[in-house]
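First, one chain by itself: the form predicted on its own, in structure tokens.
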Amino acid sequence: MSALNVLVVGGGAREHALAWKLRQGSGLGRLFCAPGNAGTTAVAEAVPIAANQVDALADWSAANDIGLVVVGPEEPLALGLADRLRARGIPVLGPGAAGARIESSKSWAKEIMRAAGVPTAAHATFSSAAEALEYVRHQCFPLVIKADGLAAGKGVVIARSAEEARRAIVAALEERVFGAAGQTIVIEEYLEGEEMSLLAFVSDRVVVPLLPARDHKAVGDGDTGPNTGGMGAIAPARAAGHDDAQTLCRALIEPVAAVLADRGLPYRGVLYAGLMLTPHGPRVLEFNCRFGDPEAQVILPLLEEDLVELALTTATGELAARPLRFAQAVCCGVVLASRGYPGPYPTGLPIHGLDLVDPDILVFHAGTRADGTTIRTAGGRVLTVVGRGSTPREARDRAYANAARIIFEGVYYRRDIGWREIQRAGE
């Protein structure tokens, strides 16, 4: 077989991690990233096309003999990039727009979960602020209020009082702070427990789980402050009293894949279940139609498999049901963010110290750009620093020791990533 040219779509740390791992694959020809960032250029050729320019990406792929496209973000999938590529005979790791509704419409995802018999939080859906306000008058608090559509990880509010619920409802449905993504909202019960991210390759009805990971969504230590796209992650995640990833996949992801296939929406990509491990068993909070960010940055370094082969067989419907091989180690990733994130933040700030990190530390770029020989900030989440160790504490300590060497004005990061795993390990 001739060498396979591969395109990674996206420009964040997740895409840097994907490109880094694909670079290690056998049978790889040229590797491209669109649009990429200052870090991806070390492992892939940059393509100056934005991730949401789906027609341009499809045209470019066809013109450049691309044999596999790996889509990182959810937006191009929701816009139908995979459909356009498949229409041209190009394999793609990612669902079509219909399957991507599992993430782009939380209300539709709830309906799929109901049909699949997958446990989730009790919920109701509203497009009228008056009806939503009347509903919450009769509910117990806290409640979770979610924008139905894609809101870049920021469309979720935990309302602990009637006034907080009122503000969230009015903001979404009347003030339109989330735009079209918030024209419908889902209000659901607040579940207590530990969150876990469960990801799997899904190829029609075949489901192959990856390592479970734990994301840290809140901006502040102790899970305080507003939600972000993710401030760090650790893998593998452990949770006492709950089954392993294979068992969880059989109960929570395989039934969803089967329902999608039964409805004529075969899914070929990564399906990500955000779980709450409650005292009454696992519940699915949401589904995402792609690799998590920052989960990918801590799972992929532990994967002892050829990602090119895995992605291609998933995309072509040839994925074999088998356990994947992972290193017996722990990875902890710490996100370095810009001052003000997830609100307004400055950009263009020079980043210093990237040359000071240890050789075996991984630094995945997100919001960065090259300015000659200077790397500058270009986003809210700027870098993910990943440490590896034989224990959670060793991995965490190595990540933080190296994160401290990287400096830009206003750099901010949580200081407690991985604390649950360290506590559970008794370290």
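In this text, residue numbers run from 1 along the sequence as written. It should be emphasised that the depicted structure is a prediction, and the values quoted were computed from it without experimental measurement.
Missing here is the form predicted in complex with adenosine monophosphate (AMP); even so, the following discussion is about that form.
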Is the gap between residue 156 and adenosine monophosphate (AMP) in the model of the complex 4.5 Å or less for some heavy atom pair? yes
Given that adenosine monophosphate (AMP) is not shown alongside this chain, does residue 227 nevertheless sit within 4.5 Å of it in the model of the complex, heavy atom to heavy atom? yes
So in the model of the complex, does any heavy atom of residue 268 sit within 4.5 Å of adenosine monophosphate (AMP)? no
Does any part of residue 217 reach within 4.5 Å of adenosine monophosphate (AMP) in the model of the complex? Heavy atoms only, please. yes
Given that the partner is absent here, state which listed stretch (187-195, 326-334, 245-253, 80-88) has heavy atoms within 4.5 Å of adenosine monophosphate (AMP) in the model of the complex. 187-195
May I ask whether 106, 121 and 144 all come within 4.5 angstroms of adenosine monophosphate (AMP) in the model of the complex, judged by heavy atoms? yes
Of 97, 207, 308, 285, which residue is found within 4.5 angstroms of adenosine monophosphate (AMP) in the model of the complex when only non-hydrogen atoms are counted? 285
Among 259, 171, 357, 276, which has at least one heavy atom within 4.5 Å of adenosine monophosphate (AMP) in the model of the complex? 276
